[in-house]
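Shown next as C-alpha coordinates: one chain only, the form predicted on its own.
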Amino acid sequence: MDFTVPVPNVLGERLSGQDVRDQNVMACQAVANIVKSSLGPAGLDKMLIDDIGDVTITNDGATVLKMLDVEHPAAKILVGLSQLQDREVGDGTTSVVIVAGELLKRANDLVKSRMHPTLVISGFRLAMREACRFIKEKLAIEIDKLGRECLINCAKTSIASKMIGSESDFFAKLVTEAVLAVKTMSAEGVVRYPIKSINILKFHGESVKDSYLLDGYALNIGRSAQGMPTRVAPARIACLHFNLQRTKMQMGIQVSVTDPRALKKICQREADITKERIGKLLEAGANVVLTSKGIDDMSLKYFVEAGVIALRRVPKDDLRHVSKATAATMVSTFANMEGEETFDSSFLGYADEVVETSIAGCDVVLLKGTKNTNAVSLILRGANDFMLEEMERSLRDALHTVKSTLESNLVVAGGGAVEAALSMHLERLATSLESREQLAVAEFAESLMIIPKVLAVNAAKDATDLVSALRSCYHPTQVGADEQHLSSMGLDLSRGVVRNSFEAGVIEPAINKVKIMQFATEAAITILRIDDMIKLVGDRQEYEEE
(Lines give C-alpha, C1' and ligand atoms only; values in the text may rest on other atoms or scores of the structure.)
Protein backbone atom coordinates (compact mmCIF):
# COMPACT_ATOMS: atom_id res chain seq x y z
CA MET A 1 0.00 0.00 0.00
CA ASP A 2 1.36 3.43 -0.97
CA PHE A 3 1.25 6.25 1.53
CA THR A 4 1.34 9.83 0.25
CA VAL A 5 2.60 12.48 2.58
CA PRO A 6 0.63 15.72 2.17
CA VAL A 7 2.82 18.75 1.37
CA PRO A 8 1.88 21.73 3.58
CA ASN A 9 0.57 24.69 1.66
CA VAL A 10 2.98 27.53 2.57
CA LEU A 11 1.71 31.06 2.08
CA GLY A 12 4.70 32.61 0.38
CA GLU A 13 7.79 31.82 -1.66
CA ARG A 14 9.85 28.79 -0.65
CA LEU A 15 13.38 27.86 -1.63
CA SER A 16 15.03 24.72 -0.29
CA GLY A 17 18.09 22.52 -0.61
CA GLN A 18 20.85 23.49 -3.01
CA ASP A 19 18.86 26.41 -4.47
CA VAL A 20 18.81 28.34 -1.21
CA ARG A 21 22.52 27.62 -0.58
CA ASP A 22 23.44 28.91 -4.02
CA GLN A 23 21.41 32.05 -3.51
CA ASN A 24 22.89 32.71 -0.05
CA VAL A 25 26.47 32.14 -1.24
CA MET A 26 25.94 34.38 -4.26
CA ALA A 27 24.61 37.21 -2.05
CA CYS A 28 27.53 36.89 0.38
CA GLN A 29 30.05 36.79 -2.46
CA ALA A 30 28.52 40.00 -3.84
CA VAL A 31 29.03 41.74 -0.45
CA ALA A 32 32.61 40.42 -0.15
CA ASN A 33 33.44 41.59 -3.69
CA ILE A 34 32.36 45.14 -2.83
CA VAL A 35 35.05 45.53 -0.13
CA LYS A 36 37.67 43.24 -1.71
CA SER A 37 39.39 46.01 -3.68
CA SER A 38 39.87 48.14 -0.53
CA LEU A 39 42.05 45.59 1.34
CA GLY A 40 45.66 46.35 2.13
CA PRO A 41 48.02 49.33 1.81
CA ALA A 42 47.33 49.61 -1.92
CA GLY A 43 43.54 49.26 -1.53
CA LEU A 44 41.22 51.72 -3.26
CA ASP A 45 38.60 53.98 -1.66
CA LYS A 46 34.81 53.87 -2.05
CA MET A 47 32.59 56.91 -2.56
CA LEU A 48 29.19 56.49 -0.91
CA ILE A 49 26.31 58.93 -1.48
CA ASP A 50 23.30 58.64 0.82
CA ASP A 51 19.66 59.51 0.07
CA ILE A 52 20.09 63.19 0.99
CA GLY A 53 23.26 63.62 -1.05
CA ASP A 54 25.90 63.46 1.72
CA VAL A 55 29.17 62.03 0.40
CA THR A 56 31.45 59.67 2.36
CA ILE A 57 34.85 58.63 0.98
CA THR A 58 36.41 55.69 2.84
CA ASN A 59 38.05 52.27 2.50
CA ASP A 60 37.00 51.06 5.95
CA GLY A 61 35.02 47.83 5.44
CA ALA A 62 32.67 48.37 8.40
CA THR A 63 31.78 51.92 7.29
CA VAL A 64 31.16 50.85 3.67
CA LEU A 65 28.88 47.94 4.63
CA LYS A 66 27.05 49.94 7.32
CA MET A 67 26.06 52.56 4.73
CA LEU A 68 24.90 49.99 2.16
CA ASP A 69 21.19 49.20 2.14
CA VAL A 70 21.54 45.40 2.07
CA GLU A 71 18.24 43.54 1.76
CA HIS A 72 19.24 39.87 1.42
CA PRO A 73 19.03 38.17 4.85
CA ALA A 74 22.22 36.10 4.39
CA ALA A 75 24.19 39.13 3.19
CA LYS A 76 22.98 41.03 6.28
CA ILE A 77 24.84 38.45 8.40
CA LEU A 78 28.12 39.55 6.77
CA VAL A 79 27.26 43.22 7.39
CA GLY A 80 26.65 42.38 11.06
CA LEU A 81 29.91 40.40 11.06
CA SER A 82 31.94 43.48 10.03
CA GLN A 83 30.21 45.57 12.73
CA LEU A 84 31.04 42.91 15.35
CA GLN A 85 34.71 42.86 14.31
CA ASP A 86 34.74 46.68 14.47
CA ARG A 87 33.33 46.66 18.03
CA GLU A 88 35.51 43.83 19.34
CA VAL A 89 38.89 44.69 17.76
CA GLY A 90 38.45 47.87 15.71
CA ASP A 91 40.45 46.62 12.72
CA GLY A 92 40.27 43.71 10.26
CA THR A 93 36.67 44.48 9.20
CA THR A 94 37.44 43.98 5.50
CA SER A 95 39.48 40.78 6.02
CA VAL A 96 36.79 39.06 8.07
CA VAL A 97 34.15 39.59 5.34
CA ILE A 98 36.48 38.37 2.56
CA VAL A 99 37.46 35.22 4.52
CA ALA A 100 33.81 34.46 5.37
CA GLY A 101 32.80 34.84 1.72
CA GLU A 102 35.58 32.51 0.55
CA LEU A 103 34.74 29.90 3.23
CA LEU A 104 31.10 29.91 2.09
CA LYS A 105 32.06 29.53 -1.57
CA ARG A 106 34.29 26.51 -0.88
CA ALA A 107 31.81 24.96 1.57
CA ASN A 108 29.10 25.19 -1.08
CA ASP A 109 31.37 23.40 -3.58
CA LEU A 110 31.86 20.58 -1.06
CA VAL A 111 28.11 20.24 -0.51
CA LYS A 112 27.59 20.13 -4.31
CA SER A 113 30.05 17.21 -4.45
CA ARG A 114 27.72 15.18 -2.19
CA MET A 115 29.33 15.97 1.17
CA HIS A 116 26.81 16.54 3.96
CA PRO A 117 26.71 20.10 5.38
CA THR A 118 27.07 18.73 8.92
CA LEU A 119 30.45 17.18 8.02
CA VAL A 120 31.58 20.45 6.42
CA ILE A 121 30.54 22.40 9.54
CA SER A 122 32.35 19.90 11.80
CA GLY A 123 35.52 20.19 9.69
CA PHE A 124 35.39 24.00 9.71
CA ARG A 125 35.01 24.07 13.51
CA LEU A 126 37.95 21.71 13.92
CA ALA A 127 40.10 23.86 11.60
CA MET A 128 39.08 27.09 13.38
CA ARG A 129 40.01 25.72 16.82
CA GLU A 130 43.35 24.44 15.54
CA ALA A 131 44.04 27.78 13.78
CA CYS A 132 43.41 29.79 16.99
CA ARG A 133 45.64 27.42 19.00
CA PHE A 134 48.42 27.61 16.40
CA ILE A 135 48.33 31.43 16.34
CA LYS A 136 48.62 31.70 20.13
CA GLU A 137 51.24 28.96 20.60
CA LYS A 138 53.45 29.21 17.50
CA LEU A 139 52.97 32.51 15.67
CA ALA A 140 52.36 35.10 18.42
CA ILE A 141 55.20 36.96 20.15
CA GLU A 142 54.91 38.89 23.43
CA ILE A 143 55.35 42.64 23.02
CA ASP A 144 57.58 42.79 26.12
CA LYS A 145 60.34 41.32 23.94
CA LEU A 146 59.87 43.97 21.25
CA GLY A 147 59.45 47.22 23.26
CA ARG A 148 57.53 50.40 22.52
CA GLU A 149 58.59 50.40 18.87
CA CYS A 150 56.26 47.41 18.48
CA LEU A 151 53.21 49.56 19.39
CA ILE A 152 54.18 52.21 16.85
CA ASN A 153 54.59 49.53 14.17
CA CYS A 154 51.15 48.09 14.98
CA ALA A 155 49.61 51.53 14.56
CA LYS A 156 51.58 52.08 11.32
CA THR A 157 50.29 48.78 9.90
CA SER A 158 46.71 49.84 10.67
CA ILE A 159 47.13 53.36 9.22
CA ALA A 160 49.12 52.22 6.14
CA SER A 161 45.97 51.10 4.31
CA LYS A 162 44.12 54.38 4.95
CA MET A 163 44.00 57.74 3.20
CA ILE A 164 46.67 59.09 5.59
CA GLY A 165 48.99 56.12 4.94
CA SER A 166 51.70 58.42 3.53
CA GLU A 167 51.98 60.05 6.98
CA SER A 168 51.80 56.77 8.93
CA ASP A 169 55.03 57.46 10.89
CA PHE A 170 53.69 60.74 12.25
CA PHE A 171 50.21 59.51 13.15
CA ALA A 172 51.43 56.18 14.59
CA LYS A 173 53.51 58.05 17.21
CA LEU A 174 50.58 60.37 17.95
CA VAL A 175 48.18 57.45 18.46
CA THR A 176 50.63 55.48 20.65
CA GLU A 177 51.23 58.51 22.91
CA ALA A 178 47.47 59.05 23.23
CA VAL A 179 46.74 55.44 24.26
CA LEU A 180 49.63 55.29 26.75
CA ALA A 181 48.47 58.62 28.25
CA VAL A 182 45.08 57.18 29.31
CA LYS A 183 46.50 54.09 31.05
CA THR A 184 44.53 53.26 34.22
CA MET A 185 44.60 50.54 36.87
CA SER A 186 41.32 48.95 37.98
CA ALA A 187 40.53 48.04 41.60
CA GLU A 188 41.50 44.42 40.81
CA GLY A 189 44.93 45.56 39.60
CA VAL A 190 44.15 45.03 35.89
CA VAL A 191 45.67 47.59 33.52
CA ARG A 192 43.15 49.12 31.13
CA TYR A 193 43.36 51.66 28.32
CA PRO A 194 39.94 53.38 28.05
CA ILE A 195 40.22 54.97 24.60
CA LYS A 196 36.85 56.69 25.10
CA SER A 197 38.87 59.09 27.27
CA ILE A 198 40.54 60.24 24.04
CA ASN A 199 38.44 62.94 22.41
CA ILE A 200 38.98 63.65 18.70
CA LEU A 201 38.27 67.19 17.47
CA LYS A 202 38.38 68.20 13.80
CA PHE A 203 39.26 71.69 12.49
CA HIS A 204 39.58 72.92 8.91
CA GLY A 205 42.82 74.42 7.69
CA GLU A 206 46.57 73.75 7.72
CA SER A 207 48.17 70.44 6.80
CA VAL A 208 47.46 66.99 8.26
CA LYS A 209 50.93 67.06 9.86
CA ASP A 210 49.81 70.06 11.95
CA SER A 211 47.57 67.71 13.97
CA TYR A 212 48.71 67.31 17.56
CA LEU A 213 47.95 65.76 20.95
CA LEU A 214 46.53 67.97 23.70
CA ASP A 215 46.70 67.13 27.41
CA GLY A 216 43.15 67.22 28.79
CA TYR A 217 39.62 66.47 27.56
CA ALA A 218 38.68 69.17 25.02
CA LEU A 219 35.07 70.26 24.50
CA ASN A 220 34.40 71.98 21.18
CA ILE A 221 32.31 74.66 22.85
CA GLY A 222 33.04 78.03 24.46
CA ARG A 223 31.92 79.77 27.65
CA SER A 224 28.25 80.76 27.61
CA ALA A 225 29.02 84.38 28.57
CA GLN A 226 32.06 86.61 28.08
CA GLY A 227 31.98 87.82 31.69
CA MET A 228 32.87 84.34 32.99
CA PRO A 229 36.47 83.53 33.97
CA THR A 230 38.64 81.81 31.35
CA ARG A 231 40.35 79.60 33.94
CA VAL A 232 39.22 77.82 37.11
CA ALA A 233 41.57 75.79 39.33
CA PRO A 234 40.90 73.48 41.09
CA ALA A 235 37.63 72.71 39.32
CA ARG A 236 34.51 71.20 40.90
CA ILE A 237 32.29 70.14 38.01
CA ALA A 238 28.50 69.68 37.93
CA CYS A 239 27.08 67.66 35.01
CA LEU A 240 23.39 68.40 34.43
CA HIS A 241 20.87 66.97 32.02
CA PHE A 242 18.08 69.56 32.30
CA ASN A 243 17.33 73.19 31.48
CA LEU A 244 18.59 76.11 33.55
CA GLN A 245 16.14 78.45 31.92
CA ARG A 246 13.20 80.28 33.38
CA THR A 247 10.76 77.61 34.61
CA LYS A 248 7.56 77.36 32.61
CA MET A 249 4.39 75.49 33.44
CA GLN A 250 3.88 72.18 31.67
CA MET A 251 1.79 71.99 28.50
CA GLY A 252 -1.94 71.61 29.16
CA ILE A 253 -1.89 73.35 32.56
CA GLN A 254 -4.19 76.39 32.74
CA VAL A 255 -4.29 78.97 35.54
CA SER A 256 -7.14 81.49 35.73
CA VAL A 257 -5.99 84.78 37.31
CA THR A 258 -8.28 87.72 38.10
CA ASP A 259 -5.82 89.88 40.05
CA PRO A 260 -2.90 91.38 38.03
CA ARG A 261 -0.72 91.31 41.16
CA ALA A 262 -1.16 87.51 41.36
CA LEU A 263 0.01 87.21 37.75
CA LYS A 264 3.14 89.18 38.63
CA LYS A 265 3.78 86.83 41.56
CA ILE A 266 3.47 83.79 39.26
CA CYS A 267 6.02 85.29 36.86
CA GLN A 268 8.35 86.11 39.75
CA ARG A 269 8.02 82.60 41.17
CA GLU A 270 8.94 81.10 37.76
CA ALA A 271 12.15 83.13 37.83
CA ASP A 272 12.86 82.31 41.49
CA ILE A 273 12.67 78.52 40.96
CA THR A 274 15.63 78.63 38.54
CA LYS A 275 17.46 81.08 40.84
CA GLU A 276 17.06 78.67 43.77
CA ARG A 277 18.41 75.77 41.67
CA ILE A 278 21.47 77.79 40.71
CA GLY A 279 21.88 78.74 44.39
CA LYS A 280 21.93 75.05 45.35
CA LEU A 281 24.66 74.37 42.75
CA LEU A 282 26.79 77.23 44.09
CA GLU A 283 26.23 76.21 47.74
CA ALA A 284 27.49 72.69 46.90
CA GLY A 285 30.75 74.29 45.70
CA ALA A 286 30.39 73.94 41.92
CA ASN A 287 32.58 76.35 39.95
CA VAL A 288 32.11 74.66 36.52
CA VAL A 289 28.61 73.78 35.28
CA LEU A 290 27.98 71.67 32.17
CA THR A 291 24.44 71.08 30.91
CA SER A 292 23.15 69.30 27.81
CA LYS A 293 20.20 71.74 27.65
CA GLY A 294 19.92 75.53 27.61
CA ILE A 295 20.84 78.35 30.04
CA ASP A 296 19.01 81.68 29.56
CA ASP A 297 20.48 85.17 30.03
CA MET A 298 18.94 85.63 33.48
CA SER A 299 20.60 82.44 34.76
CA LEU A 300 23.93 83.35 33.12
CA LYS A 301 23.96 86.58 35.17
CA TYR A 302 24.07 84.59 38.43
CA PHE A 303 26.94 82.43 37.13
CA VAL A 304 28.91 85.47 35.98
CA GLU A 305 28.48 87.15 39.40
CA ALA A 306 29.66 83.96 41.16
CA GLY A 307 32.74 83.59 38.87
CA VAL A 308 31.58 80.19 37.52
CA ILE A 309 32.26 78.76 34.04
CA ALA A 310 28.96 77.52 32.57
CA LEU A 311 28.65 75.61 29.30
CA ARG A 312 25.31 74.98 27.60
CA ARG A 313 24.24 72.56 24.83
CA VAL A 314 27.11 70.19 25.63
CA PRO A 315 26.73 67.02 23.46
CA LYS A 316 25.39 64.13 25.53
CA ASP A 317 28.32 61.81 24.66
CA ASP A 318 30.83 64.45 25.77
CA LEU A 319 28.89 65.01 28.99
CA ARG A 320 28.94 61.26 29.69
CA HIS A 321 32.69 61.04 29.10
CA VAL A 322 33.38 64.09 31.29
CA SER A 323 31.28 62.69 34.13
CA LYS A 324 33.14 59.37 33.94
CA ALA A 325 36.59 60.99 33.78
CA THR A 326 35.94 63.46 36.62
CA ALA A 327 33.88 61.08 38.84
CA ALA A 328 30.86 63.39 38.55
CA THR A 329 27.27 62.14 38.67
CA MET A 330 24.99 63.10 35.78
CA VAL A 331 21.96 64.75 37.38
CA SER A 332 18.66 64.84 35.48
CA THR A 333 16.57 66.33 38.32
CA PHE A 334 17.09 68.02 41.70
CA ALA A 335 14.02 66.28 43.22
CA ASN A 336 14.70 63.80 46.02
CA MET A 337 12.53 61.02 47.50
CA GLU A 338 10.66 63.50 49.69
CA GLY A 339 9.75 65.69 46.73
CA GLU A 340 12.13 68.49 47.70
CA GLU A 341 14.89 69.88 45.51
CA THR A 342 18.46 69.27 46.72
CA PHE A 343 21.95 69.01 45.21
CA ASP A 344 24.62 67.18 47.18
CA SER A 345 28.33 68.02 46.84
CA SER A 346 29.04 64.30 46.27
CA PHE A 347 27.54 64.71 42.78
CA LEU A 348 30.43 66.98 41.77
CA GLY A 349 33.41 65.83 39.71
CA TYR A 350 36.99 67.05 40.14
CA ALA A 351 39.72 68.28 37.82
CA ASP A 352 42.96 70.17 38.44
CA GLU A 353 42.09 72.88 35.96
CA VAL A 354 39.40 73.97 33.50
CA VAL A 355 40.56 76.55 30.98
CA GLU A 356 39.22 78.08 27.76
CA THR A 357 41.63 78.24 24.84
CA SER A 358 41.41 78.96 21.13
CA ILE A 359 42.14 76.42 18.38
CA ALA A 360 41.87 77.43 14.71
CA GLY A 361 39.81 80.45 15.72
CA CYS A 362 37.29 78.35 17.68
CA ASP A 363 36.77 78.52 21.44
CA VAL A 364 37.55 75.21 23.17
CA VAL A 365 37.20 74.37 26.87
CA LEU A 366 39.89 72.04 28.20
CA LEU A 367 39.59 69.84 31.33
CA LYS A 368 43.02 68.92 32.71
CA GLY A 369 43.99 66.52 35.50
CA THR A 370 40.66 64.69 35.75
CA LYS A 371 40.14 62.58 38.87
CA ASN A 372 39.20 59.09 37.60
CA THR A 373 41.07 58.67 34.34
CA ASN A 374 43.62 60.71 32.45
CA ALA A 375 42.05 62.36 29.41
CA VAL A 376 43.71 63.61 26.24
CA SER A 377 42.45 65.10 22.97
CA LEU A 378 43.62 64.60 19.41
CA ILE A 379 43.31 67.82 17.40
CA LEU A 380 43.06 66.98 13.69
CA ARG A 381 43.74 69.50 10.92
CA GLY A 382 42.86 68.95 7.28
CA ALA A 383 41.70 70.51 4.04
CA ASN A 384 38.02 69.51 4.02
CA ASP A 385 35.29 67.47 5.73
CA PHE A 386 35.93 64.31 3.68
CA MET A 387 39.60 64.30 4.69
CA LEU A 388 38.89 65.01 8.37
CA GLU A 389 36.17 62.35 8.67
CA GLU A 390 38.37 59.69 7.08
CA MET A 391 41.27 60.75 9.34
CA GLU A 392 39.02 60.29 12.36
CA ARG A 393 37.91 56.81 11.23
CA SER A 394 41.53 55.81 10.51
CA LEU A 395 42.79 57.02 13.89
CA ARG A 396 39.94 55.30 15.76
CA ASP A 397 40.95 52.02 14.09
CA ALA A 398 44.59 52.66 15.04
CA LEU A 399 43.62 53.50 18.66
CA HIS A 400 41.71 50.20 18.91
CA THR A 401 44.69 48.36 17.43
CA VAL A 402 47.17 49.77 19.97
CA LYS A 403 44.70 49.14 22.81
CA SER A 404 44.22 45.50 21.71
CA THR A 405 47.99 45.04 21.44
CA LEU A 406 48.62 46.38 24.95
CA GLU A 407 45.79 44.46 26.61
CA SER A 408 46.41 41.11 24.85
CA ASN A 409 50.23 41.53 24.94
CA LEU A 410 50.66 39.40 21.79
CA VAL A 411 51.48 40.37 18.20
CA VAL A 412 51.83 38.46 14.92
CA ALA A 413 53.43 39.24 11.56
CA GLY A 414 51.32 41.00 8.91
CA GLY A 415 51.43 41.00 5.11
CA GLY A 416 49.66 37.63 4.74
CA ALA A 417 52.20 35.79 6.93
CA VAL A 418 49.67 34.39 9.42
CA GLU A 419 47.28 33.20 6.70
CA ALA A 420 50.08 31.46 4.78
CA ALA A 421 51.45 29.76 7.92
CA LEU A 422 47.96 28.62 8.95
CA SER A 423 47.17 27.37 5.46
CA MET A 424 50.26 25.15 5.33
CA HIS A 425 49.72 23.91 8.89
CA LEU A 426 46.05 23.03 8.28
CA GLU A 427 46.92 21.24 5.02
CA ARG A 428 49.29 19.01 6.99
CA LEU A 429 46.60 18.51 9.65
CA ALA A 430 44.05 17.52 6.98
CA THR A 431 46.26 14.68 5.70
CA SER A 432 46.41 13.22 9.23
CA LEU A 433 42.59 12.95 9.54
CA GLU A 434 40.94 9.65 8.64
CA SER A 435 37.36 10.93 8.26
CA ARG A 436 35.80 12.93 5.43
CA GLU A 437 36.29 16.05 7.56
CA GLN A 438 39.79 16.23 6.08
CA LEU A 439 38.21 17.64 2.88
CA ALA A 440 36.59 20.48 4.84
CA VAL A 441 39.83 21.21 6.74
CA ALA A 442 41.78 21.28 3.44
CA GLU A 443 39.26 23.70 1.91
CA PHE A 444 39.46 25.88 5.04
CA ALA A 445 43.26 25.97 4.62
CA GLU A 446 42.93 26.95 0.95
CA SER A 447 40.36 29.66 1.80
CA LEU A 448 42.84 31.51 4.02
CA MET A 449 45.14 32.12 1.04
CA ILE A 450 42.52 34.55 -0.33
CA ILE A 451 44.03 37.29 1.87
CA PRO A 452 47.58 37.25 0.35
CA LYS A 453 46.02 36.82 -3.12
CA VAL A 454 43.81 39.90 -2.75
CA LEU A 455 46.69 41.91 -1.21
CA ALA A 456 48.85 41.11 -4.26
CA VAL A 457 46.09 41.86 -6.80
CA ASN A 458 45.26 45.21 -5.16
CA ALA A 459 48.97 46.16 -5.30
CA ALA A 460 49.01 45.43 -9.07
CA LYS A 461 51.43 42.51 -8.61
CA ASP A 462 51.33 38.99 -10.05
CA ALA A 463 49.29 37.18 -7.39
CA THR A 464 50.20 33.69 -8.66
CA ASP A 465 53.97 34.27 -8.47
CA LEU A 466 53.87 36.09 -5.12
CA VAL A 467 51.61 33.55 -3.40
CA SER A 468 53.69 30.67 -4.77
CA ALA A 469 56.87 32.30 -3.42
CA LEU A 470 55.17 32.84 -0.05
CA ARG A 471 54.02 29.21 0.14
CA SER A 472 57.51 27.98 -0.71
CA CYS A 473 58.85 29.82 2.37
CA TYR A 474 56.50 27.79 4.54
CA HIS A 475 57.16 24.45 2.78
CA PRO A 476 59.62 23.23 5.47
CA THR A 477 56.70 23.16 7.92
CA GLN A 478 55.23 20.35 5.81
CA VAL A 479 58.18 18.09 6.57
CA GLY A 480 58.13 18.74 10.31
CA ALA A 481 60.77 21.47 10.59
CA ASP A 482 60.62 24.02 13.39
CA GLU A 483 58.11 26.70 12.34
CA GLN A 484 59.21 29.51 14.66
CA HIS A 485 61.81 31.13 12.40
CA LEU A 486 59.50 30.81 9.38
CA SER A 487 56.38 32.27 11.00
CA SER A 488 57.00 35.86 9.94
CA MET A 489 57.53 35.70 6.17
CA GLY A 490 55.03 38.03 4.47
CA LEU A 491 54.52 40.05 1.30
CA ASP A 492 56.36 43.28 0.48
CA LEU A 493 53.74 44.87 -1.77
CA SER A 494 55.85 47.87 -2.81
CA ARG A 495 58.64 45.75 -4.34
CA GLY A 496 56.66 42.60 -5.07
CA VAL A 497 58.85 40.20 -3.06
CA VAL A 498 58.61 38.04 0.08
CA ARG A 499 60.29 39.43 3.22
CA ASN A 500 60.40 39.03 7.01
CA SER A 501 57.41 41.09 8.19
CA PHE A 502 58.68 41.44 11.78
CA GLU A 503 61.96 42.94 10.60
CA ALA A 504 60.05 45.27 8.25
CA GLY A 505 57.80 46.42 11.13
CA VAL A 506 54.56 45.04 9.62
CA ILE A 507 52.86 43.57 12.68
CA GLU A 508 49.31 43.25 14.01
CA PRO A 509 47.73 42.30 17.35
CA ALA A 510 47.25 38.53 17.59
CA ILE A 511 43.70 39.00 18.90
CA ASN A 512 42.82 40.54 15.54
CA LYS A 513 43.66 37.34 13.63
CA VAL A 514 42.04 35.09 16.26
CA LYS A 515 38.77 37.04 16.07
CA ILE A 516 38.83 36.99 12.26
CA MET A 517 39.09 33.17 12.32
CA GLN A 518 36.34 32.80 14.93
CA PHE A 519 33.87 35.32 13.52
CA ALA A 520 34.32 34.36 9.84
CA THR A 521 33.91 30.65 10.62
CA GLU A 522 30.82 31.17 12.77
CA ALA A 523 29.21 33.41 10.11
CA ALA A 524 29.94 30.86 7.36
CA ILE A 525 28.53 28.04 9.50
CA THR A 526 25.39 30.06 10.32
CA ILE A 527 24.66 30.58 6.60
CA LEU A 528 25.68 27.03 5.63
CA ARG A 529 23.19 25.51 8.10
CA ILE A 530 20.29 27.11 6.21
CA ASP A 531 18.62 24.63 3.83
CA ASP A 532 15.17 26.20 3.60
CA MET A 533 14.03 29.80 3.12
CA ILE A 534 10.38 30.73 3.27
CA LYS A 535 9.34 34.30 2.51
CA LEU A 536 5.98 34.56 4.24
CA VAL A 537 3.15 36.85 3.15
CA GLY A 538 0.92 38.51 5.72
CA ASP A 539 -2.46 38.29 4.04
CA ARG A 540 -3.93 35.06 2.56
CA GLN A 541 -6.25 37.01 0.26
CA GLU A 542 -3.37 39.09 -1.10
CA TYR A 543 -1.39 35.88 -1.80
CA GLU A 544 -4.35 34.22 -3.57
CA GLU A 545 -4.86 37.30 -5.77
CA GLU A 546 -1.27 37.07 -6.97
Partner chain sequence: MHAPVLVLKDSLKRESGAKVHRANIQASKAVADIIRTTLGPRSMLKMLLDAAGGIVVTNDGNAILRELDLAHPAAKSMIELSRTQDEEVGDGTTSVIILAGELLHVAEAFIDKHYHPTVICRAYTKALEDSIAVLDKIAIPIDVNNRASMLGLVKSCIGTKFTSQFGNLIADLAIDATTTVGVDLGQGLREVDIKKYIKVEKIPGGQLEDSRVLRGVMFNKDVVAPGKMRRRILNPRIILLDCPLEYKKGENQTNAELVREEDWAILLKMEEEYIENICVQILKFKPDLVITEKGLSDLACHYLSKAGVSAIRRLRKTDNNRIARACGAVVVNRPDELQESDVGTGAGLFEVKKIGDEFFTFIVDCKDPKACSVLLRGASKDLLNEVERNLQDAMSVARNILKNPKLLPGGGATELTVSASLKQKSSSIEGVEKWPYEAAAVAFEAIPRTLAQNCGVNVIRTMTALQGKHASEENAWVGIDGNTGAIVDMREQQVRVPIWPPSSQTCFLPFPSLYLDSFNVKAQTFKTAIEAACMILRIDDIVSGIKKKQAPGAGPAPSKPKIEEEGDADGEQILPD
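Numbering follows the first chain given and starts at 1. Please read these numbers as outputs of a predicted model, since none were measured by experiment.
The following text describes the form predicted in complex with the partner chain, which does not appear among the structures shown.
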* Which single stretch, out of 315-323, 436-444, 466-474, 163-171, brings residue heavy atoms within 4.5 Å of the partner chain in the predicted bound form? -> 163-171
* Asked: Check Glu149, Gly294 and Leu426: does every one of them have a heavy atom within 4.5 Å of the partner chain in the predicted bound form?
  -> no
* Would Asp531 sit within 4.5 Å of the partner chain in the predicted bound form, counting heavy atoms only? -> no
* Touches the partner chain in the predicted bound form: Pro117 (any heavy atom, 4.5 Å) -> no
* Asked: Does at least one non-hydrogen atom of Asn59 fall within 4.5 angstroms of the partner chain in the predicted bound form?
  -> yes
* Asked: With a 4.5 Å heavy atom cut-off, would you call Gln23 a contact of the partner chain in the predicted bound form?
  -> yes
* **Selected contact from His72, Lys280, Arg192, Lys371, since only one has a non-hydrogen atom within 4.5 angstroms of the partner chain in the predicted bound form** => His72
* Structure fact -> Exactly one of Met387, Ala218, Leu410, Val232 comes within 4.5 Å of the partner chain in the predicted bound form through a heavy atom, and that residue is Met387
